[in-house]
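What follows is one chain in structure tokens, specifically the form predicted alone.
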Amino acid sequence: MRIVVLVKQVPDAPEPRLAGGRPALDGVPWVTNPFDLHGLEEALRIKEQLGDIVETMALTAGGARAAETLREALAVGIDRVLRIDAPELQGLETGLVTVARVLAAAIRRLGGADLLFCGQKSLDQQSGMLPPALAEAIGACFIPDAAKITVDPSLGRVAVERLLPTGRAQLRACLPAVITLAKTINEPRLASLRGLMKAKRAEIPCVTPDELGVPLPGASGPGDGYALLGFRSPPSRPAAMKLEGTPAEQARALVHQLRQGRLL
């Protein structure tokens, strides 16, 4: 049984700045997307439960610096990793359909996947649209927001407890499956010193989209109808109102403001 975890390196910019209609990322540190760490942890827990019948892998796309994200995966105990050498897939300019096609080709290169774990979202795009696009590309079912996962490899099935706005749903699906994980599903572990040293010495294999047979748009391949038109900052919010005085005076002032705003 093979579990592939998608990991992504994202800019660590709590307050992003714009320059020339694009995010200004000069000098911004890059980190592993925090939501993806839950995928690594869940893959490791399933392997600990089921034993050596499970092989875990981590997959990312990006430039040379993205290899550090894969080293983190190796340090916590992931068996194998692969980097798609395509910095443009790490940014915001490439359509999700194109990214999904390249990732699907890489997964086939790895030998396929019974389970594919993704974070709930990434800190840069936050669209949550890549996992379902990838499920379509590899012909797998898609289950979002998993809070608990139980795998039955003998039957080729997975049971998932999914978070809903009004409660939880119990689902069962046949493998292969693409699953996004809620933050509440687990607590990601820290790497051991031995794991860190082993990962530091490890060679990170990489492959290009052309080698995968999926040329990128703008090179020799067609686009997917996606065009990034630009960015804009959200509108500024008015300053908050602070009420002074005793609690009774504050209450009267609040009622007065609500009446002025025709809210009472």
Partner chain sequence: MRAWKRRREREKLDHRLSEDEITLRELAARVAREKIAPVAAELDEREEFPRRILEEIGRAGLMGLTVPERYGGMGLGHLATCLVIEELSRACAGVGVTYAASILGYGPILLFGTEEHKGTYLPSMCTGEGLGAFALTEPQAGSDAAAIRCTAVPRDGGYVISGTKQWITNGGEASLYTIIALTAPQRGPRGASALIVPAGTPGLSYGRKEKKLGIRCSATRELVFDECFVPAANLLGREGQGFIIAMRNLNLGRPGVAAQALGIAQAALDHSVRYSLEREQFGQPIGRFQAVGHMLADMATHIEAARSLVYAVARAIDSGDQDFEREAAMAKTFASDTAMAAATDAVQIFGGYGYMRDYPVEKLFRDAKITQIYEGTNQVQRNIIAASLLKEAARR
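Residue numbers count along the first chain shown, from 1. This one's a predicted model, so the numbers in the text were calculated from it and none came from an experiment.
The following text describes the form predicted in complex with the partner chain, which does not appear among the structures shown.
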- Message: Counting any heavy atom within 4.5 Å as contact, can you tell me which stretch out of 234-242, 195-203, 53-61, 209-217 lines the partner chain in the predicted complex?
- Response: 195-203
- Task: Could you confirm whether Leu175 comes within 4.5 Å of the partner chain in the predicted complex, counting heavy atoms only?
- Result: no
- Message: Residue-level contact is defined here as any heavy atom of the residue lying within 4.5 Å of the partner chain in the predicted complex; does Leu123 satisfy this criterion?
- Response: yes
- Query: For Leu171, is any heavy atom within 4.5 Å of the partner chain in the predicted complex, or not?
  - Reply: no
- Does Arg80 make contact with the partner chain in the predicted complex, using a 4.5 Å heavy atom cut-off? no
- The listed residue (Ala191, Leu96, Leu110, Ala147) that reaches within 4.5 Å of the partner chain in the predicted complex by any heavy atom is Ala191
- Can you tell me which bits of 31-56 touch the partner chain in the predicted complex, meaning any heavy atom within 4.5 Å? Val31, Pro34, Phe35
